[in-house]
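Heads up, the chain below is alone and in the form predicted on its own; it's given as structure tokens.
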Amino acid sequence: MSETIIGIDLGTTNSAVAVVKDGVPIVIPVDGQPTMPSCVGLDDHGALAVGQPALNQLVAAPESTVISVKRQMGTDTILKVGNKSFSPEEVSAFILGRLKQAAEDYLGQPVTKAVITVPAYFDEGQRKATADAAKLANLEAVRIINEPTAAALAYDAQSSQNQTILVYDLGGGTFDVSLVVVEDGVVEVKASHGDTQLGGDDFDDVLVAHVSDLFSEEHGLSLEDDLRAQRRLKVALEHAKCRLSEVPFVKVQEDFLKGEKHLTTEISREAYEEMIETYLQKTFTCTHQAMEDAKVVPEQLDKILLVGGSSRTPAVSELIENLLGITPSFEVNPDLIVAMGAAVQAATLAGVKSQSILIDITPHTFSTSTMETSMGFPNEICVPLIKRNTPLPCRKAEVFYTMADNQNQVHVTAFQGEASTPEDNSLVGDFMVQGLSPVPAGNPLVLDFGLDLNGMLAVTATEKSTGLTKQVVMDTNSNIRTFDLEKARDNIAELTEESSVGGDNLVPIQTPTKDINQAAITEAKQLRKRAEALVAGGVEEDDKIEILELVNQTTSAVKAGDGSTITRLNQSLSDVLFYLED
């Protein structure tokens, strides 16, 4: 008998767990419901509350409840509970743990492995954070697959037709779109695109801001610093948003919203859709990019599959039909299809015979940095090794050369992103290769990038002449962030052992890792372009040397994240350019 592996959709607003029984994906109920709110909190006694119990206290105890943690995965956000603090991984582990428990209760046996879905556009750090959350929940994430891919797998499990499908996945916190070809049981992802900061939460925020302004205009009272009133509004308006998918007008009434003042207003579907139009247009920018990458035109699409609760918004279907000429489909419940697809893949990995074979892709380009000289300027550029939309798993190698005589070491970097410059991409990781042969410049070094089925990157550097090799598995995000798994385990264990937790504050606090002023970085880029143009037009040698030195110092300050130095150098370079351009 094969081991049971469950499938989990770890969602922004709701999560779900499923398993394949008798060849059919079955969604496992949690607290009697097919989906569980992705909500975590502490009750009045300091005990952990997960799912519906936590959501029930969202309005009454907003300081003791966390929602929408998914967007913070892979960051250094701190969620504080009085004298207790939780990372996004720890909060997600509570959610995964409750889903694991529901699965064990349903199956009547222990569960230790799962296939977990993530947005297709999640980066390395976010995927690693998801795997770490699973470990904290005593689950092994045997595979992490993209949400649109999972949806296509679930659809294929219920259809025997060969089709080209566009999967449009608009969830609570993220958006993904994928072009998938289903042919003779092979589900092949051709291209993916998305936005990890776009979803139904943004729609809720727009509604909350709109109604808050109406309340302020009527009563002269601001709700901006009233967390309880904001949470009340969010809950009420989220219900109103869902109702607007069915009716053209919804009345919203909240008595004693602030003090003795009541809220009574009406929202029309037309007004709501105007509020979110900009967000919907962003989804279609991603959609067109995915179709272009896949070299697919609308006429070649057989079906458009809508996934995620926010895709129920009527404006989504209308916009898709107007732009692509195809009526989108809700053939499988958009709230459950991702978990069902994860279960299909889980069953395959557990050795259950399946009609579907998955071929997934990487939605991001992976590159390394090297130096080039242009117009006398030393430029650090990114050289792609694995391009976005490459099928997984994959490997690609290229040869690079040392720049100096007797160079005994090289700094190997790996970046994720589509930009040509390192500072505009995300650093996945780096390492040093030392002990190179003492030979003239031009010593060849072979760099090998390998992506596994989970999208995790392994980088190998080999000196061609000697075979000297160093390999590193990259599992860090753009801030070279490390996650202390054992410390997190101790933190979770401490909570479960305590009968109460002092205080009732559960407030997200963003912890910056570097003192970087984004405006200063933008100014530095603009000044560099002016400097390059000036040098190309011809300047005195002494002036050229001064400009190059300032540009190089600024580049180093940007890499180091030294905001004050960037600002100071910007002023110096600006003064020089102003004098020479005059």
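Throughout, we count residues from 1 along the sequence that is shown. Quick caveat, the model's predicted, so the values are computed rather than measured.
Below: the form predicted together with a small molecule, not depicted.
Contact segment among 238-246, 103-111, 340-348, 458-466, judged by heavy atoms lying within 4.5 Å of the small molecule in the predicted complex
Correct option: 238-246.
Which residue, 395, 135, 312, 303, is the contact with the small molecule in the predicted complex, using a 4.5 Å heavy atom cutoff?
None of the others qualify; the residue that does is 312.
Looking at 172, 417, 74, 429, which has any heavy atom no more than 4.5 Å from the small molecule in the predicted complex?
Only one option qualifies, and that one is 172.
Does the small molecule come within 4.5 Å of any heavy atom of residue 200 in the predicted complex?
Looking in the predicted complex, residue contacts with the small molecule include residue 200, since a heavy atom lies within 4.5 Å.
Could you confirm whether residue 570 comes within 4.5 Å of the small molecule in the predicted complex, counting heavy atoms only?
Result no; residue 570 lies far from the small molecule in the predicted complex.
Consider residue 308 of the chain shown here, and say whether it contacts the small molecule in the predicted complex, taking contact as heavy atoms within 4.5 Å.
Because a heavy atom of residue 308 falls inside 4.5 Å of the small molecule in the predicted complex, the answer is yes.
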